[in-house]
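The data below hold one chain only, encoded as structure tokens and taken in the form predicted on its own.
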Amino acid sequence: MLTRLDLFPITARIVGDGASARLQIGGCDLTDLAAQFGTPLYLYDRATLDTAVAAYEGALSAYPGPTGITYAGKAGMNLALAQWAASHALWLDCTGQGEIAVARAAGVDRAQILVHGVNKSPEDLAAAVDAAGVIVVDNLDELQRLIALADDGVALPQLWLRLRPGVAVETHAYRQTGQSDSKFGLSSDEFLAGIRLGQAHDLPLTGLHFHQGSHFHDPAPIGPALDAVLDLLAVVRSETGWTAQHLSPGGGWGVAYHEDDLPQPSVADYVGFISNGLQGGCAKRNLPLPALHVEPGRSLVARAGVALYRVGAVKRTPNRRWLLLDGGMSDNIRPALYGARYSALPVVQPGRSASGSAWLGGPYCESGDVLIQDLPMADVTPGELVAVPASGAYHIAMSSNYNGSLRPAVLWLDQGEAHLIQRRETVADLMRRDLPLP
């Protein structure tokens, strides 16, 4: 059972012995936090976040050209996480005017804001032009809108064109983005047309971006995509003289969510594969070495996060033992959406031996509201706390008010202190946008 501790933040400890043994994270007792802030409750461990950034910085240090790390804000965006990203001089990937507003409120420097979006609204594009250092252009229609702005005298930030490389990584179909039929990015012909349009209108085209999918563990499929990208860049250079000053192969590197996923995937192996492939590929094609940008989201924040639930009831059906929790698909849609597998530990006496398999279900009116299936678990009784690791990415960001649920509070754990960074939603929050019939 304690193998599961390797899924938790790096500060996770079991303190006390016997019946008094408890799970502690960031120097904070989880039982005390639940008593003070209620459940469901989300925790972010600062030390784990910082260590994840250091792993990327160390891996990129071997690359002979300039490098950058962009935190993919879609994994989880709030004021505190944006401030944390800025404190490490990370670029911040924002999608739409809402995330741009959070970045600005957090004091993120304009040069560090990068804006994505497959179909940016006029409001999104206006916010990006006003606040961003880089706009990643997804399609030629968007490029034409930017040309119109430039023709009207609007100063544009740097523009990178997003290429659809035609190669996806091995992951769930809903998380693949690089295949030929993906809704994301430009084809090779469209990319070349985009470069020619940009040159004709003197646009600040400086980079190329591509992305193949999210939560993959094998970097090998990046190789064919990188070759295709560099082949295209060689053609573009020959025909137009344009070269990419910046190249981003996106992000999406996976993490361990379940003990079957351990050990944790190596950031060094992932970044090293890209770095070596880019260096060798550019040398082979006589291309100048661009600045290398990576866009991790999940692999920066997932392990730092823990979801804390309280068991409300234990139910036995003919073939299952159900632990019914006070949270579920409204704060973590990933099991229902992707079939994602998670693990868990009781907060008190977490080292107890498993007494059999358990299904951990939420309170909502959906049969798909099951967070964890067929997990060996100790005997757990109503009122006990259960901690679910690797909960820092795509939980709160994808949360909802289904069944009138209220989004949980979020805490920042740092050297024995817990800081509230998002308060729990209230019924008044839930109804704030509603208006009565006339």
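Quantities reported herein were computed from a predicted structural model and do not represent experimental measurements. Start at 1 and count along the sequence shown; that's the residue number.
In what follows, reference is made to the form predicted together with a small molecule, a form of this protein that is not presented.
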Per-stretch contact check against the small molecule in the predicted complex, the hit in 358 to 366, 197 to 205, 210 to 218, 80 to 88 (non-hydrogen atom, 4.5 angstroms): 210 to 218
Joint contact, 138, 185 and 235 to the small molecule in the predicted complex, by non-hydrogen atom at 4.5 Å: no
One residue of 329, 306, 115, 72 in contact with the small molecule, assessed in the predicted complex (non-hydrogen atom, 4.5 angstroms): 72
Exercise: residue 296 in contact with the small molecule in the predicted complex, heavy atom 4.5 Å: yes
Contact test in the predicted complex: residue 338 vs the small molecule, heavy atoms, 4.5 Å: yes
The small molecule contact in the predicted complex: residue 44, any heavy atom under 4.5 Å: no
The small molecule contact at residue 334 in the predicted complex, heavy atom, 4.5 Å: yes
